[in-house]
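Have a look below at one chain only, the form predicted on its own, in structure tokens format.
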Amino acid sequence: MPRTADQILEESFLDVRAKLLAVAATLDRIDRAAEQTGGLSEAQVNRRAQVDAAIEICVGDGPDRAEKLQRLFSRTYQPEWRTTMHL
């Protein structure tokens, strides 16, 4: 018998809450450090934008949030990847 939505939330709530707190604390530390040290480098600005996009995906609707996150953090498929990576 499949678990109910209530069961899944009950089983996952504390773990999800802890992960969200970790993300929020990390974003707070980044923002405070950026204010004190003059901001993020260009490479890190792009990473921060990815994190912001990931958060938007998480709060969005739909049953495919995990797939969207995986695609956000993945490289675009290159058919010649073996050659490019010398494999």
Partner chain sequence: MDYIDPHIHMVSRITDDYATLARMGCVAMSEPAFWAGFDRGSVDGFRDYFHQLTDVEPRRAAQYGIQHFTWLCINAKEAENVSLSRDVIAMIPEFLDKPNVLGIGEIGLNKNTKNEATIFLEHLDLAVEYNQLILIHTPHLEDKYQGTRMILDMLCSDSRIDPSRVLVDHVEEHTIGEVLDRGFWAGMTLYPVTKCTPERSADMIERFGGERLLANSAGDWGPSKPTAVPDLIFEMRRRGLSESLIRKVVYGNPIEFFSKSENFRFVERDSGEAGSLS
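Residue numbers count along the first chain shown, from 1. C-alpha atoms forming the largest set that superposes within 1.5 Å between two forms make up the rigid core. Just so you know, these numbers come straight off a predicted model, no measurement behind them.
The form predicted in complex with the partner chain exists for this protein as well; it is not shown, and the discussion that follows is about that form.
S.K.: With the partner left out of view, is Arg17 within 4.5 angstroms of the partner chain in the model of the complex by any non-hydrogen atom?
M.R.: Contact check for Arg17: no, nothing within 4.5 Å of the partner chain in the model of the complex.
S.K.: Is Phe73 near the partner chain? Define near as a heavy atom within 4.5 Å, in the model of the complex.
M.R.: Flag for Phe73 set to yes.
S.K.: Can you check whether Ala66 is within 4.5 Å of the partner chain in the model of the complex, heavy atom basis?
M.R.: Although the partner chain is absent here, Ala66 would touch it in the model of the complex, with heavy atoms inside 4.5 Å.
S.K.: I'd like to check something about Met85: if you look in the model of the complex, is any of its heavy atoms closer than or equal to 4.5 Å to a heavy atom of the partner chain?
M.R.: Close contact exists here: in the model of the complex, Met85 approaches the partner chain to within 4.5 Å, heavy atoms only.
S.K.: Taking the partner chain as it sits in the model of the complex, which residues of 2-41 have a non-hydrogen atom within 4.5 Å of it? Please list them.
M.R.: Contacts from 2-41: Arg3, Glu11.
S.K.: Is it true that Gln78 shifts between this form and the one not shown by 2 Å or more at the Cα, once the core is aligned?
M.R.: Yes; that C-alpha moves by at least 2 Å between this form and the one not shown.
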